[in-house]
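Okay, so here's just one chain, in structure tokens, the form predicted on its own.
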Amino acid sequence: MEEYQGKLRLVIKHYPYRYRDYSYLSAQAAEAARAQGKFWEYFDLMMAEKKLAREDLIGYAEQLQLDVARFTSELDNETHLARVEEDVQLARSLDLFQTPSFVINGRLLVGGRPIEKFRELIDAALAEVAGAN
């Protein structure tokens, strides 16, 4: 993102693994944080800490000074489950089967890959956009 500053847009879609503990819960927690304007801060904290039990997720909300009562209520009531399910349906419609998966201007890159592969696809996408203008 730093290397291509101002030229990329990062969009994260949830694709929780149905058999993995806490994946749906953590996706909903991220959306509850989004509802309070702190998605990226929350996401970064979850990825850094890598603990996704309910009490951990609520602890992250406390650390970020979210409205914890609202956050917990939204988590317990599955307020954001429909949003997460929309992302799951999108992933299925794109025939994605693994996380992480990246779509760079319509090109699919599956799994963790070297930065060079990202640069290759990003450079090609930027060249296409420049050529279309």
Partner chain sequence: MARLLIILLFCLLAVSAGAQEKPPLEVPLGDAPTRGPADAAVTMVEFIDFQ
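Numbering follows the first chain given and starts at 1. The structure displayed is predicted, hence computed values, not measured ones.
A second form of this protein, the form predicted in complex with the partner chain, is not displayed here; the remarks below concern that form.
Checking Ile58, Leu66, Met46, Ala35 against the partner chain in the predicted bound form, a heavy atom within 4.5 Å turns up for just one residue: Met46. Contact annotation for Leu75: none of its heavy atoms lies within 4.5 Å of the partner chain in the predicted bound form. In the predicted bound form, at least one heavy atom of Ser101 sits within 4.5 Å of the partner chain.
Looking at Leu81, you'd find every heavy atom of it more than 4.5 angstroms from the partner chain in the predicted bound form. In the predicted bound form, Glu120 stays away from the partner chain, with no heavy atom inside 4.5 Å.
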